[in-house]
Structure formats: structure tokens, C-alpha cells
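Next up is one chain by itself, shown in C-alpha cells, the form predicted on its own.
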Amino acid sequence: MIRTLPQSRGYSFGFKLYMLVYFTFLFAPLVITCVLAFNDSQFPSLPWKGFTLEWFTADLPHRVGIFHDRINLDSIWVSLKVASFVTLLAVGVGTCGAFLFEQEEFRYKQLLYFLMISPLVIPGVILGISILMFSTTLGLYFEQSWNLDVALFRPGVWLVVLGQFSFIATLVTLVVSARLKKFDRTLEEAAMNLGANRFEVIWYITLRFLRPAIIGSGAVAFLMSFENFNTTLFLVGSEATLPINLYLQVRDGSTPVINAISFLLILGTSLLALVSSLVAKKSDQAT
């Protein structure tokens, strides 16, 4: 749409209608879920029975709120733990990968780049099954050959971390690489001419320039890990993450506590995205 050209009334009406329908489709389910988190009903759906906070705070025989629901709280803790480790690994390895592909020249660079981005185009279900089969095969080999029971090769938290890391690190690499493409290499050369060593140049100049991308990609990595379902489903052990636990509750029937959890997740992810955006913007202005 070229704003300087005159627009017909029909076009303007159609454009506004499209925007209304589009954003209604995006946000209406979220709004309904948030509203039903305060519904005084035993079922996580309409009709509206009245306002209540018991799905957050209650500790009654017939009604347990999220703050007293040990199963859901444990699954939230597992998801936070997994997301934290995945974020640290993905940001560290992804940033190093960005340096590798943007500032180094070596043989088979394009082939390695293609292999690096391939986890993003592989369905999460296939990725999860492949990692599970690979880890199971290694576990059996170590057990039969050396009588070693390696916990890392069994379904569990650490296998979930490795499974999520395998594709989230790629996303971090792409985000940081996009920022690194805009970096002026002459700044590094000038710093080294003034006596700085390679480590000091990277720490005080290059990473300072990359800080907005690192912060933003870290926030995205954390959120992607926290809500991941497809890959995690095949790698999780006895400690279920929150998405897996919610899936089990929805499948078997649940109370509006699931809406309360959704409300807290929407609020938390929105705040995290806002803080990440403000911090990245402030860092960008500082550079």
C-alpha cells in the first residue's frame, strides 16, 4: 500500500476490516482464557459463573489453586530449569557460531552452514524421535560394552536440554549473525593498533555491539524452550515439563486451574518480552 496515493472508501474499509478480523483471531482466545481463569466454575469453559480468585489461591478438598498445586508447580520448576540451561548453552554456542560463520573463512563453510540450520526445518517430532533413538543406542552400547549406566542417555531433564539445544542454538546463531553482519571491523583493527589484545577487543567492542542481539535471542531461546512440546514429548522422563503436564491434564480432563496457569504464562512472557525489548533498546542506544 502506497500511502501517498488516494485510497477508495472500499479499500480503506476492507483494510480496516481485515486488521480487525486478524487481531481478533490472534487475541480473542487469549482474552477468553484469561477471563475464564477467574470463573467460579468447576469446568475450564463457559458459561460464566461469577468472579473468583480460588483457582490461584484456594487450598480446599474440592478446589486447589495453582499456588498450592504441587504437580503443576513442580512441572513449572522443571520447565524453568530446562529453559535456563538451554538458554545458557544456546547463547554461548550460538554466539560462537555467529563468529565462526561471519568472521572466519574455511573449507566446506557452506556445507557446515546448511547442517547448522537443518534442525530448524526438521519437524520437532522427527527431531525428538531421532535424538531418543540415538541416545538409547548409545546407552545400550555403553551398558553392554563397559557395564556403564550413563544417565545422560536416558529420557530425563538433561536429554530434554540437549534435544532443545540442538535447534534453539541455531536460532541464536542466526539472530546474532544478522547483527554481526552490520559490525564495522575497522573498530577491532583500531583497538588492536592501540594495544588491545584479541580478547579485550571481543569483550569490550564486539560483544558490546552484539549485546542487543544476544539479549533478544536469549529471551527468545528461553521462551521457546519453556513452551516446547513436540521434541520434549519424546525425551522427557519422570519429571514432566509444564507443556507436557498441561497436555496430560487437558487429555484427561481438568479444572480452570489450567486457565490460571495460562494467565500467568501470558503475563510472564509478556513482561519478559517487554523487559528484553527495553534492555536491548537501551543497549543499542548505548552502542
Partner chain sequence: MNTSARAKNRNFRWGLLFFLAPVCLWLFLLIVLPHIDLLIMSFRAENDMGDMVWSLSNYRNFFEEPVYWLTYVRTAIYSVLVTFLTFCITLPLAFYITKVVCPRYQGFLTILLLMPFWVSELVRVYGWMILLRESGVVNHFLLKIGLLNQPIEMLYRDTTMVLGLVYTSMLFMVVPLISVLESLDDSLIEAAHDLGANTWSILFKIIIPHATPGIVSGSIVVFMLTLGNYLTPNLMGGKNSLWFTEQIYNQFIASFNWNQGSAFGFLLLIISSLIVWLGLTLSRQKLGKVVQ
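Predicted model, so just to flag it, every value in this text is computed and none were measured. Positions refer to the first chain, counted from 1. Between two forms, the rigid core is the largest collection of C-alphas that superpose within 1.5 Å.
If you look for the form predicted in complex with the partner chain, you will not find it shown, but the lines that follow are about it.
Contact annotation: residue 54 falls outside 4.5 Å of the partner chain in the model of the complex, judged by heavy atom distances. Within 4.5 Å of some heavy atom of the partner chain in the model of the complex lies at least one heavy atom of residue 229. Mapping the unseen interface onto this chain, residue 58 falls outside it, with no heavy atom inside 4.5 Å of the partner chain in the model of the complex.
Looking at residue 273, you'd find a heavy atom of it within 4.5 angstroms of the partner chain in the model of the complex.
For the candidate spot formed by 45, 121 and 132, every residue has a non-hydrogen atom within 4.5 angstroms of the partner chain in the model of the complex.
Residue 113 is the only one of 113, 209, 85, 77 with a heavy atom lying within 4.5 Å of the partner chain in the model of the complex. Applying a 4.5 Å heavy atom cutoff to the partner chain in the model of the complex picks out 29, 30, 32, 33, 36, 44, 45, 46, 47 from 29-60, in order along the sequence. After superposing the rigid core, the C-alpha of residue 45 moves by 2 Å or more between this form and the one not shown. Annotation for residue 19: C-alpha shift of 2 angstroms or more between this form and the one not shown, rigid core superposed.
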